[in-house]
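One chain comes next, on its own, written out as structure tokens in the form predicted alone.
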């Protein structure tokens, strides 16, 4: 059952919550009606039904979308989503980080092998963002590992629920929240896409099923990152019966993604140098949290 829950939440919850953000946040801020909540599903199915054109004969470009989606779904199976993750006993935060990195590398590879200077520029920006954003996630998970004495993500969540908030976990949660906007590629940190500058970034040459798989992976990635924040650093509401645990988790990730959507719609995009400065500050905050964890605070 937990396999169905985690995979269903990643595959279906991601596009659905994206539709909710479009309808309930972006459209209202812009004073317009907005598309239907299920519009992301329409878009995905439309792309899946289109001709599969390739701008490059590279095998990397052919298989990168499938590998990216598979890696994100594997990470979802390691992530607590109101219940013990189905693969929680077969992988820890290190394996989780590997899967997340594989998905990011596939996006970069797709941009590098595409026959467009815009996609290569977008891939370069994706590399820069990945190198400064992913360390925040890793440091925050290390904080939770130090406090719980385990690398298993479910143990981290359980420890925080049982022992209550600590300074290091609060600081780590704040750092992860500050980095979340960039980790899921939203304004003001969607620098790798920057439509007005490089017209879609590393995926500019993709269309049809390949683009659909990448887009689906991005939707699922939002659920995975929001679930890590909600389950490990905001674990309250998970000590009840199974339906209540799942409901509490859904409520928390919905609030997180709505907050991300609100920030996305009311902020302008940052320049790459501004983003780098911001994330060096976030990394410093995360390191402060790790220092507190090491001294037992």
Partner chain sequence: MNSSTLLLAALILLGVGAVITVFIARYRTLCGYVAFVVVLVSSVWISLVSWTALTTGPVTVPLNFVTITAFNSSLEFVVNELSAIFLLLTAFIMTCASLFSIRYIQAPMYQRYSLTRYYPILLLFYISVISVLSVHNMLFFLCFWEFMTWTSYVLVVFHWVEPESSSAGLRYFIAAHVGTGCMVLATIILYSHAGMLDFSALRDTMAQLMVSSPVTAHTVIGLFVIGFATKAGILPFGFWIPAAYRAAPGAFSAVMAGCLEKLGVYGVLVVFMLLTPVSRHTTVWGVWIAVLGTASLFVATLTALQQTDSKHLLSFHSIGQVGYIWLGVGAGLALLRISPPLAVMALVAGLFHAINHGFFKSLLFCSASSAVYRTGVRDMDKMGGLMYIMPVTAVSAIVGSLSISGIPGFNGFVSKWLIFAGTIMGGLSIPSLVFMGIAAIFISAVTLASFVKFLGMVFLGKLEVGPEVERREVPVSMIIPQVALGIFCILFGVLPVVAIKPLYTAVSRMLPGNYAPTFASVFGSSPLTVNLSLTGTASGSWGPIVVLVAFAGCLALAYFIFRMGGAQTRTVPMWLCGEEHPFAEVRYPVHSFLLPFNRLFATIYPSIPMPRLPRPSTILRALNIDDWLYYPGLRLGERIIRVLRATHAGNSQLYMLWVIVGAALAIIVLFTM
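Numbering follows the first chain given and starts at 1. All of these numbers come straight from a predicted model, not from anything done at the bench.
Unshown form predicted together with its partner chain; subsequent notes refer to it.
In summary, among the residues 272, 251, 258, 242, the only one with a non-hydrogen atom within 4.5 Å of its partner chain in the predicted bound form is 272.
A single residue from the set 263, 38, 29, 60 has any heavy atom within 4.5 angstroms of its partner chain in the predicted bound form; that residue is 60. The closest non-hydrogen atom of residue 49 lies within 4.5 Å of its partner chain in the predicted bound form. Contact between residue 69 and its partner chain in the predicted bound form is found at the 4.5 Å heavy atom cutoff. Within this chain, residue 216 lines the site of its partner chain in the predicted bound form, having a heavy atom no more than 4.5 Å away. Among heavy atoms of residue 18, none comes within 4.5 Å of its partner chain in the predicted bound form.
Partner contact region in the predicted bound form: 104-112, out of 220-228, 104-112, 163-171, 179-187, criterion any non-hydrogen atom within 4.5 Å of its partner chain. Applying a 4.5 Å heavy atom cutoff to its partner chain in the predicted bound form picks out 272, 276, 280, 287, 290, 294 from 267-297, in order along the sequence.
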